[in-house]
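Here you get one chain, nothing else, as structure tokens; it is the form predicted alone.
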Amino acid sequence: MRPQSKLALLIVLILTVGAAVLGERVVSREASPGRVTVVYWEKWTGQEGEEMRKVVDAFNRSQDRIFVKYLSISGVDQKTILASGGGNPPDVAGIWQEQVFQFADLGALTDLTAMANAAGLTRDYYIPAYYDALSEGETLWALPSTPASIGLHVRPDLVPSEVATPETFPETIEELDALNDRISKQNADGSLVMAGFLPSNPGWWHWGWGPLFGADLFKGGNPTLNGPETVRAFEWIARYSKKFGPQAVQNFQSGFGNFASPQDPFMTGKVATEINGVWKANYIRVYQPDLKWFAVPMPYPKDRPDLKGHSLLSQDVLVIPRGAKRAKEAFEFIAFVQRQDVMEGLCSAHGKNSPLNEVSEAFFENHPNKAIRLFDQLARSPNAIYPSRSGFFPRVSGELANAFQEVNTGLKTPKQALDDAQARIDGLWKTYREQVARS
């Protein structure tokens, strides 16, 4: 055996033993006497974690057969895979949508299709894009806990009065660019004082720029990072870097506070517009409740009116790891979370839209986000965009984030950065298909 192979085998053995130990330590089933204990690992902490704990408590009170033991676990994704490999996973895990097919390709998930169908949790129960993002063919791997849609947030006090309403704000990328040129402010030395828009703020969805310009990141089933639409998107990104100067942008952003703080650049007026999720309103409400703002769909390229109303979607999801000892009971809890009253309560508390097809008027009327109807509409748009249903997507996303930084800092041209990313991906994709996806 080659030394490299021995090392790989040793790592696998260590991880497997570690997983078994982790499982024994954390998947403890001591709970209420006379009940079946379901162990639930979740990534959320703070207020989000507490709101889900309320849901768990409500489920435990609703019947006397099952007790869900709720644990907030850091690194829940890696620990769930390790525990599954060690044969002692939790019964339910809360992970991110982007990880679902990675887990599935690794054989770490339980197929939920039959249980979901029996419970009436079929595609027509959900906003289609949210369900489709978690299923492939006839197989359903996860169900939502809380979803989100992404829009452009606008400070009306920082834009001209003629575009200071959702009805009059620019609809196209070209109009947004012109507005940015008009309202951005720089000092005589070139330092940036206020930006109308910055693609790098907050910088969380670099995989989405190509699709927002019409790109298919898995064209023909293969990762395609340097297609013409993605190149065009990155050329647009480069325009902003060139306008202000890469160093000026970096210096400007280095002074931004955390998004979950009063020093958030949108709240302090350092940026007039910001692409962000439905949850943004929660932070505004906490840190600057008197702030005037509105939200609109992200503008589309003028020559692509077919992309109007597009939005990036994301979800937090619930899965049952392969080897879960209480899969049936675990799904009973997941089904409880899917109830309209439960789901609406959780999503409202998290400041998010509902993933369900039917939404009560009370949900809209009482939601803390005044623009919640827009975010609901964005999720239902035929142009809603979700991460590619491939276990290789996280690697594609990472390469696009790297290319973004290279372009935004002026290190490479858009074509060069994306061609280099494609070259790295091609070899890795072949290996992934042969050794992980087995396709």
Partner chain sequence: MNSRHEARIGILFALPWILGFVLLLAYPLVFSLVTSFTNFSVLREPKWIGLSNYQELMSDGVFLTALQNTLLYTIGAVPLGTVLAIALAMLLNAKVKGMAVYRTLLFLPTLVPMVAQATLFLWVFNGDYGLLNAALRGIGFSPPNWLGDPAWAKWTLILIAAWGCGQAMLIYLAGLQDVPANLYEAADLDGAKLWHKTRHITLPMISPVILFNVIMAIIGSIQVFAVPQVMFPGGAPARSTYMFAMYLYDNAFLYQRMGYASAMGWVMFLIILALTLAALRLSERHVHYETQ
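Just so you know, these numbers come straight off a predicted model, no measurement behind them. Numbering follows the first chain given and starts at 1.
One more form of this protein, predicted in complex with its partner chain, exists but is not displayed; see below.
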Problem - Listed residue that, although its partner chain is not shown, lies within 4.5 Å of it in the model of the complex (heavy atoms), from 116, 150, 81, 317 - result: 81
Problem - Contacting member of 190, 345, 269, 107, with respect to its partner chain in the model of the complex [4.5 Å, heavy atom] - result: 107
Problem - Partner contact for residue 322 in the model of the complex: its partner chain, 4.5 angstroms, heavy atom - result: yes
Problem - Non-hydrogen atom contact residue 424 with its partner chain in the model of the complex at 4.5 angstroms - result: yes
Exercise for the section: Answer yes if any heavy atom of residue 47 is within 4.5 Å of a heavy atom of its partner chain in the model of the complex; otherwise answer no. Expected result: no
Problem - Partner proximity in the model of the complex: residue 389 to its partner chain, non-hydrogen atom cutoff 4.5 Å - result: no
Exercise for the section: Report the stretch among 119-127, 332-340, 355-363, 243-251 that approaches its partner chain in the model of the complex to within 4.5 Å, counting heavy atoms only. Expected result: 243-251
Fill in the blank from the handout: Applying a 4.5 angstroms cut-off on non-hydrogen atoms, the residues of 396-412 near its partner chain in the model of the complex are 398, 399, 402, 405, 406, 409, 411
